[in-house]
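Encoded as structure tokens, the following chain is the form predicted alone, with no partner shown.
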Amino acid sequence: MWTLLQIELFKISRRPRTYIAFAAIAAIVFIFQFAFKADGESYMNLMLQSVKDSFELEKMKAINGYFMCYIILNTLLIQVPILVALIAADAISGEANMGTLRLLATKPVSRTQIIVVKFTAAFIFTLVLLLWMAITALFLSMLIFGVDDMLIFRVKGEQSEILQITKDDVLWRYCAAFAYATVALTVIAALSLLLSVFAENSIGPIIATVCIVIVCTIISNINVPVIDRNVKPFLFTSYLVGWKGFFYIATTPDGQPIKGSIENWPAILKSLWILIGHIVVIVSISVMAFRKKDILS
């Protein structure tokens, strides 16, 4: 099984689309870094319009590596599911399209093992992609902009607020956020793999995955009581941005931030378990579907 995984990872490394994903992330991160380096004050002025006029802030000092990474992640993690689908959706359908699926099924490994290996390879790709994002969006931003206390702009109810996290209390939050994002994006990988089982080429599963993510994201952001109660809790897209919870720091009754705290850890933990549950269910369905699949190509 280890040999099969090595072969699968080798296949992924040989696909041009694999490197397109890494190049796309690097390009988007560079654009953000260049824009903020050239005219970051304009963005800060826009953000500060929603806070009290009496709030004083040295705007350019607030733009540091930690702040930059948070801004980039808010934008980039919406696009990354597409990049994950480019690889995961090709897992089974790509083999069928090339005519190698029947040959693969004749190997001395079960169909369950094939799906597990394909999923593991997709997970490793997702993990490496997020590590690349951490290098470019976080560590490179730290080199370019330096580090300082981190400011988080948040709309809570009808009010806007700014949270300040000291610079010695930030890095572990990013480690936790990237770990959470890995779990969230693994759901996308599992979904793409499932759709790949039913297709004979990669285009269909890729488009279907993107459409499902878009539709579910729209539903997750619609504020309708009936949908809030009966639909949103079951959609994985409702939990994709849960990584932000690691940056919502708890405060004392008089409003002072509590170092090392998280405002709502139970909600983050619940979201993680729900996402893991989605992964288990989707991969299980993939195994059952592939075991019953008639391989004609």
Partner chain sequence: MIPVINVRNLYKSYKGFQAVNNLSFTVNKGDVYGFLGQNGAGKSTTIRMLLTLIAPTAGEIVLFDKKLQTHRADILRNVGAVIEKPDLYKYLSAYDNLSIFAKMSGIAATHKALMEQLNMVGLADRAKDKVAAYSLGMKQRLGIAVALVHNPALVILDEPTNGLDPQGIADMRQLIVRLSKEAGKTVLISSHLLSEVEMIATRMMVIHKGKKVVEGEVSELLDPAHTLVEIATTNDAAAKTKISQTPWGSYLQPHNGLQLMMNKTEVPALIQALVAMDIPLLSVNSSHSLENYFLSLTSSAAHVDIAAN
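Computed from a prediction, not measured in an experiment: that's the story for all the values here. Residue numbers count along the first chain shown, from 1.
Keep in mind that the form predicted in complex with the partner chain is not shown, yet the notes after this line are about it.
**Q** Is Gln79 close enough to touch the partner chain in the predicted complex, meaning at least one heavy atom pair within 4.5 Å?
**A** Heavy-atom contact with the partner chain at 4.5 Å: absent for Gln79.
**Q** Is Val226 one of the residues lying within 4.5 Å of the partner chain in the predicted complex, judged by heavy atom distances?
**A** The answer is no: Val226 has no heavy atom within 4.5 Å of the partner chain.
**Q** Is the gap between Met1 and the partner chain in the predicted complex 4.5 Å or less for some heavy atom pair?
**A** Met1: no contact with the partner chain in the predicted complex.
**Q** Answer for Ile203 alone: is it within 4.5 Å of the partner chain in the predicted complex, judged on heavy atom distances?
**A** Answer no; every heavy atom of Ile203 is more than 4.5 Å from the partner chain in the predicted complex.
**Q** Check Arg154, Glu263 and Lys270: does every one of them have a heavy atom within 4.5 Å of the partner chain in the predicted complex?
**A** No: none of Arg154, Glu263 and Lys270 comes within 4.5 Å of the partner chain in the predicted complex.
**Q** In the predicted complex, which of the listed residues (Ala176, Val147, Ala105, Leu131) lies with a heavy atom within 4.5 Å of the partner chain?
**A** Of the candidates Ala176, Val147, Ala105, Leu131, Ala105 is the one lying within 4.5 Å of the partner chain in the predicted complex.
**Q** Of the listed stretches (80-88, 205-213, 95-103, 167-175), which one has a non-hydrogen atom within 4.5 Å of the partner chain in the predicted complex?
**A** In short, 95-103.
**Q** Taking heavy atoms and a 4.5 Å limit, what residues of 1-30 are near the partner chain in the predicted complex?
**A** The stretch 1-30, when checked against the partner chain in the predicted complex, contributes Thr3, Leu4, Ile7, Phe10, Lys11, Arg14, Arg15 at the 4.5 Å heavy-atom cut-off.
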